[in-house]
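One chain comes next, on its own, written as structure tokens: the form predicted alone.
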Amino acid sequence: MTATDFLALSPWLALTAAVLVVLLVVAIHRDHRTTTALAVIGLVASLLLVPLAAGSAPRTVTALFSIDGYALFFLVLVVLAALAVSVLAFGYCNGCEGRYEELYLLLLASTLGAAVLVASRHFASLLLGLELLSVALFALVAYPVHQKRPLEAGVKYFILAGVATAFLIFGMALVYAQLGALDFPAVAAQLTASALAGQPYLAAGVALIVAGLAFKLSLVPFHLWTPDVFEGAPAPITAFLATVSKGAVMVLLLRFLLGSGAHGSANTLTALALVGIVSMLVGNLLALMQRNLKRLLAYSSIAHMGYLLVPLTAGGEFAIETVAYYLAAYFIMTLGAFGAITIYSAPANAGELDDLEAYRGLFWQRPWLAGVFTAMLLALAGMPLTAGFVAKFYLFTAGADARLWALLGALIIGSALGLFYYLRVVVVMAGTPRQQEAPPKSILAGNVTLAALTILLLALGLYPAPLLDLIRHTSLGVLP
């Protein structure tokens, strides 16, 4: 490796250094504020090094990583989301019993895994990033370990994720046995539509790889773990799981489909379309019956991952632009929604406030928090003046350009169903309070984070041009 390679990898190296520093500090001196500050400093340092890495991009570092505008754009998105989760987690854990310093160590390690995924161009780095992301998440979901719900959720996620990893590795083995290659460009040179049709082992290998990644995205029929894990995990960790974990895997799936040539197979496109349709419909239909807000948002995330299969099926440069903008909007909306739950639940050390009835009359008790939560829910529904509206418009445009009428039909039906259950939450918050709430606990950092997310939500809805220009200039490097 050369000095230029190290410059290109500098944001990733900063994350790695942050993991090591927090590990050593926690071993020597346990202090919640110190650990949070170090985690935030490490994430900010990674962001500050992105322009330095961009000066060396595009660059292939060994056979494993492709440091290009695509990777750097999504690295920034992942790190910013992790930064927001760290701030929310500090306010959430600060008043709770027990020690939570290791949470930030695991959060940094999981973020590093997601960062590796967005730059992966080889099955080895794919597996390395995915396992680094997942293994840290097993423990994050189980926090705090003295409560039953998080521990149960962590065990469920651990067992089912292990099965998904087995599918993924077996699929890689089949592809390697047939092609003798593991990096995406070499696979693309040999992987054609005719090759997939004429070689059943190769087709099975690609199918297993996509199935393993579909589990991480909680696409139907690999979605059964999602509501239980989302409900059991602490609210800030659920926000991380719904955004950073799923977003990084979606970015990797897009690079794999377009960079390996698998997108050229009609069977692959048909399978993606079917999974997308079922995920949109099942996710939204099951969300209608939920009284627990975290389970409701879990099914909502299943539907949103199904929405993203519209541009993935369409393919092309416009698909990359659509996925990039939609993920940016989805990160803001989901972090804001779970952030509101996190702040509302933070004073309740006995357990989280995630039941819908606990939010009755929230507008009259905590109007700021209810207003932010409402804005995020309306954006998730795709209402105008929000980033969610522009994101949905891009989905419709990508689907219409590719004439994916069945997917567009499912998207319209799913969006209508989503509007109903999002508005139901808003109606409950506007109702008459059941009882007088105790004086709220002030969480300044969390409120500042929610304010920043709300500003971004409205800014990208009213004036999305700067972000779209940035995406066009950076994120189109995935195409060979």
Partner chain sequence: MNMIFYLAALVAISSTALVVTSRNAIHALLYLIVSLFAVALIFYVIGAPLAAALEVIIYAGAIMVLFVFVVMMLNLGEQATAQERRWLQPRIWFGPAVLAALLLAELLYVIVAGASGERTIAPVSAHDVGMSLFGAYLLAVEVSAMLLLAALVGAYHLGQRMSSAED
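Only a predicted model underlies this, so the values are computations on that prediction, with no experimental measurement involved. Positions refer to the first chain, counted from 1.
Here the subject shifts to the form predicted in complex with its partner chain, a form of this protein not shown in this document.
Participant: Should the three residues L20, R99 and V116 be counted as contacting its partner chain in the predicted bound form, with contact defined as a heavy atom within 4.5 Å for each?
Facilitator: All three within 4.5 Å in the predicted bound form.
Participant: Which one of these stretches, 238-246, 310-318, 387-395, 129-137, sits within 4.5 Å of its partner chain in the predicted bound form when only heavy atoms are counted?
Facilitator: The contacting stretch here is 129-137.
Participant: To verify the annotation, which of these, L217, L105, A153, A346, has a non-hydrogen atom within 4.5 Å of its partner chain in the predicted bound form?
Facilitator: Partner contact (heavy atom, 4.5 Å) among the options: L105.
Participant: Exactly one residue in L456, V25, L9, I471 has a non-hydrogen atom within 4.5 Å of its partner chain in the predicted bound form; which is it?
Facilitator: By the 4.5 Å heavy-atom cutoff, the listed residue in contact is L9.
Participant: Can A142 be called a contact residue for its partner chain in the predicted bound form at 4.5 Å between heavy atoms?
Facilitator: Yes.
Participant: My question is simply whether R295 lines the interface with its partner chain in the predicted bound form - judged by any non-hydrogen atom within 4.5 Å.
Facilitator: No, R295 stays farther than 4.5 Å from its partner chain in the predicted bound form.
Participant: Using a 4.5 angstroms cut-off on non-hydrogen atoms, would L369 count as touching its partner chain in the predicted bound form?
Facilitator: The answer is no: L369 has no heavy atom within 4.5 Å of its partner chain.
Participant: Considering non-hydrogen atoms and a 4.5 Å limit, does its partner chain approach M1 in the predicted bound form?
Facilitator: Answer yes; at least one heavy atom of M1 falls within 4.5 Å of its partner chain in the predicted bound form.
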